[in-house]
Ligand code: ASP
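Only one chain is given next, in structure tokens, and it is the form predicted alone.
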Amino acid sequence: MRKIIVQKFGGTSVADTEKIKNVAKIVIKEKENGNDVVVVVSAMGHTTDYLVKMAKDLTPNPSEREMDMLLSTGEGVSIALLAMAIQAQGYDAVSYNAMQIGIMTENKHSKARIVDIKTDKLRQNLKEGKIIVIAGFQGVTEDGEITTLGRGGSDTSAVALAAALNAERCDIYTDVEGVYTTDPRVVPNASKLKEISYEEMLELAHAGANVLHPRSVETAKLNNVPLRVRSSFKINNLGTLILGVDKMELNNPVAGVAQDLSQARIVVCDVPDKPGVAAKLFSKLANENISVDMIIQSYARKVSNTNDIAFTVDKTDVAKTVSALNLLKEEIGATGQIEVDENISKVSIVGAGMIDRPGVASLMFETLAQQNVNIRMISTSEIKISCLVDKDQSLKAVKALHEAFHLDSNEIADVKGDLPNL
């Protein structure tokens, strides 16, 4: 039985007709390897940014429905052109948008989640030997409304298709050669990882690494779909394989360092210190489809019996968050101000090898202290430690942590997980 390989190409990979021809060669090479191929493509280059700008030129607050109608057109151009490029090389290819295939989503605009994918048409086309090119980033509701999946939606489309088709693997082609220990633009001697676990990649994605969107990694993990991050321009480089942690040998306590400059810190001051208040606050934000990341609650003030609740949200959600909280303040009895700070960065270390490994947190905090970086909030998981710091100290923090955990390309091969003495 022929194996199914799902390939995804981002906007930079299909930015012009020459690059589309290059993508066609990569697709055909996979087909010639004896595999069935399903290709997911994003809109060309900066098409989405251009469409957003046009909408904002017309109205500062375009409706989410009409934005989905507008933005979903970008991928339609890419899929048709790529199918033509493949056909020009003598191979049978066919393009489909989400509605034609049946990529079904929940009834939400701009950040919809995939709930089902119809595979009958896909399997019939594969049986006929066709290469299938599908529009990423978009879906359709049961009542025929066009939706989009939000940031990183094409990655999610590709992984969801791979899961639905029981694909052998999902290859994410991009303009980088794989997953690095940190952003190589920040630390030039960052190491490219040969492999990384779903868990580590998910935490890095949530922490600000922009290689893959968290939803795509989460979908891959839930469905046990192996992912490979590869370069569209260096096709002989196998990139980074993402798979289950049980299949990996963990030598290093930390796999990578990430920074996230896209978050804002919100503080709701003088909140009554009583049961149910936090539940009401975060339920309100959830109902507004606002995702919250780091959360901290101060000790109660004995005189007023109040505390402060601080948390982080994406900067794009700040206005909506403040509006929702202003409506809620009277209901929960909050008497203080709502403070917003966008001059912050989340810096994180991630590694499945840090489980039951003492000294990781202390080394992180000591390293930041030595660099005179003040920590404003801390959150942890089993394989991640995140610190909120001032934006202008973020790069310094990332570089220091990358060095402290021996992640430089000339050191990583020699590290066996031992932490230096403090």
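All residue numbers are counted from 1 along the displayed sequence. On a predicted model such as this, the values are computed, not experimentally measured, just so you know.
We do not show the form predicted together with ligand ASP, though everything after this point is about it.
The closest heavy atom approach of Pro253 to ligand ASP in the predicted complex falls outside 4.5 Å. Within this chain, Ser154 lines the site of ligand ASP in the predicted complex, having a heavy atom no more than 4.5 Å away. Using a 4.5 angstroms threshold between heavy atoms, Val38 stays clear of ligand ASP in the predicted complex.
In the predicted complex, ligand ASP sits within 4.5 Å of a heavy atom of Glu75. Taken together, the three residues Ala43, Thr48 and Phe137 all come within 4.5 Å of ligand ASP in the predicted complex, as judged by their closest heavy atom. For ligand ASP in the predicted complex, the listed stretch (144-152, 263-271, 119-127, 313-321) containing residues with heavy atoms inside 4.5 Å is 144-152. In the predicted complex, ligand ASP lies beyond 4.5 angstroms of every heavy atom of every residue of 52-72.
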